[in-house]
Each structure stands twice: as structure tokens, then as C-alpha cells.
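Only one chain is shown below, in C-alpha cells, and it's the form predicted alone.
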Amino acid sequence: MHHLHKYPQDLVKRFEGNPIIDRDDIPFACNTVFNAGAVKYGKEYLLLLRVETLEGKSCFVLARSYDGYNFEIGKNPVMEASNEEPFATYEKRGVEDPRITPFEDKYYIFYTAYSKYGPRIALAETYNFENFKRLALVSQPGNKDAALFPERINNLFIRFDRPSTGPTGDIWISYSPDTIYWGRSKVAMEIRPGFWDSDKIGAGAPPIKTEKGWLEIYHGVKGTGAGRIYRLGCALFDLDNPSKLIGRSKIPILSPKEYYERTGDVPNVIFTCGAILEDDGEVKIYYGAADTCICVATCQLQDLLSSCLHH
């Protein structure tokens, strides 16, 4: 029997109807659905779902909603592994984990191109979520979790990413004059030995601009005797110099607890690729649970900021 928790352990509140999307909602045969990019488009909430097909390759499927909870799923993928070079070679095993950033008159989508050579960051754009155009492969192999800032700073595009640096992984920041060529890369935030994010960290939702700084909702990984646990936390970076970390949550804002987060293709995983800030200050965090379904949780922006500035 499911019991309400007398002493809530998480900063955010799960939607009572979770999971909001699972594989039975996808209108074609698939293995699983998880890790969706999220954006508000006019009056609609849009999710770009990562759907793993029966062949084991991931593609993107669009889901639409007017309330942010009940979604209508597209009948066909809007992006699949490309047949055109230079993308085809590096997408033979699919496209993964899209993150959508509204930018001026368009929407940029960072995603992971996956092949036998490992993960690479790729960039696409859309104006209407009907037509999607690939722009470039924008990293070397061994890089993923890219999230684009929604505006230029000092006339440069900025992204967080997570290059592979051995058994651990930190969040890096990079700069670009044109979204294609990236450099000036440096570490922006490191793992914390002994904490819930001691093994790996990676950008989750694209950064949210607030009066206190750039808010980044990220995932942290800790190894245990029974495997890894993926949790969510948040961090705050300087508005003018986003490589400068102001503060970060000491404890997770969301940890695997419910059955749908504990049991699945990859157990004990909460992983976000998108969050939506509402006009009233509520934040909707869309997350993949156990690499098996899509869920949503809500919280107040002020509470997230306070958790970063606990010190």
C-alpha cells in the first residue's frame, strides 16, 4: 500500500498522476520512453520525447499539452538517426536526450548523437516544431549533457556540457561566436566526494535566468554497492560571468523514491532534460524515471534559489 510521507524528503512535489507518459502511450511499438526536452510554445506545453525503438535505437517524438500534465503523443518520430553525412556516421545508434532552448526567433536543440565512436553533442533548430534542421556536430566524442543558455553574453553563445574525463565527470562551460565552433572551455562545477553527487554530474534543463543568477537544475550520480543512483540538484551561476559558481544545493531536490523511479530499465534514476518556469514562479520539472517513463514535479523558483544559497 502506498502511504503519504509524514516528513517529505524532497524539495519538489511529484504530480499525483505520475508517470504522465510511458511506453503504452506511444502510438507505435517501442521499448521505452524517457528524458524529454520541454518548452512552452504559445499556449502549449511541448515535450520532445526520447523513445527507444525495438531495435534499441532512440528517436524523438513530439508530445503536446494545454495543461502540462495530459499529453497527446505524435504518431511518428520527428527526428530519427540521420541517413545524411556528416551526421549518419555518428548517429548509427540513435539520437538521445534533447534539450530545447528558446533563442530569439527560433528554438535550438542540443542532443546526443550516439554511435560506436561514443557520444557527441549535436545541434538542431526549429521554428515551429514541425520542421527540424540539423546544424552541426559540435563536440569531439565523449561529450554529452549539453544545455544552451537562452541568450548571448558578451556577444557569445554559451553552453554547459560534460566531457568524459575518466571514471568521474564534471560540468564544463564553453563559448561560441556562432553555435558551431566552441572553445575557451573550462570546468564550471565539480563533483563533491562524499556527497550525493560524488561520482558524476551533468547539466539537466537549460539554464533559467533569475535575478539571483543563472539557475541550473543538474543531475548528480553516486555509486553504491547495488549500483548508481541518479538524483537532481540545483546550482546558481553569476549572471555576467556564468563560469562563476555562486552556490549549489547541499542536498538533492529530488531523489528516487517511488516505484516508477526505483524499478525500470535502469533502476534508481531521476534524470531531467527540461524545466518550464511559469509566470507565477512555479517550476515544472519534467524527468525520466528509471529510463522507463516520463514524470513531472513542481516547486517554487524561490525555493530552488534558497537551496542554492543555504550557506
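A residue's number is simply how far along the shown sequence it sits, counting from 1. No experiment lies behind these values; they were computed from the predicted model shown.
A second form of this protein, the form predicted together with beta-D-mannopyranose (BMA), is not displayed here; the remarks below concern that form.
Any non-hydrogen atom of D197 within 4.5 angstroms of beta-D-mannopyranose (BMA) in the predicted bound form: Close contact is absent here: in the predicted bound form, D197 is far from beta-D-mannopyranose (BMA), nothing within 4.5 Å, heavy atoms only.
Close approach of N35 to beta-D-mannopyranose (BMA) in the predicted bound form, 4.5 Å, heavy atom: Answer yes; at least one heavy atom of N35 falls within 4.5 Å of beta-D-mannopyranose (BMA) in the predicted bound form.
R248 within 4.5 Å of beta-D-mannopyranose (BMA) in the predicted bound form, heavy atoms: R248: no contact with beta-D-mannopyranose (BMA) in the predicted bound form.
beta-D-mannopyranose (BMA) contact in the predicted bound form: D97, any heavy atom under 4.5 Å: Residue-level check for D97: yes, a contact with beta-D-mannopyranose (BMA).
Stretch in contact, per heavy atom within 4.5 angstroms of beta-D-mannopyranose (BMA) in the predicted bound form, of 23 to 31, 40 to 48, 277 to 285, 262 to 270: In the other structure, the partner sits against 262 to 270.
Output flag, R120, D170 and Y218 jointly within 4.5 Å of beta-D-mannopyranose (BMA) in the predicted bound form, heavy atom basis: Result no, not one residue of the spot touches beta-D-mannopyranose (BMA).
In the predicted bound form: members of 210 to 230 within 4.5 Å of beta-D-mannopyranose (BMA), any heavy atom: Result: Y230 alone.
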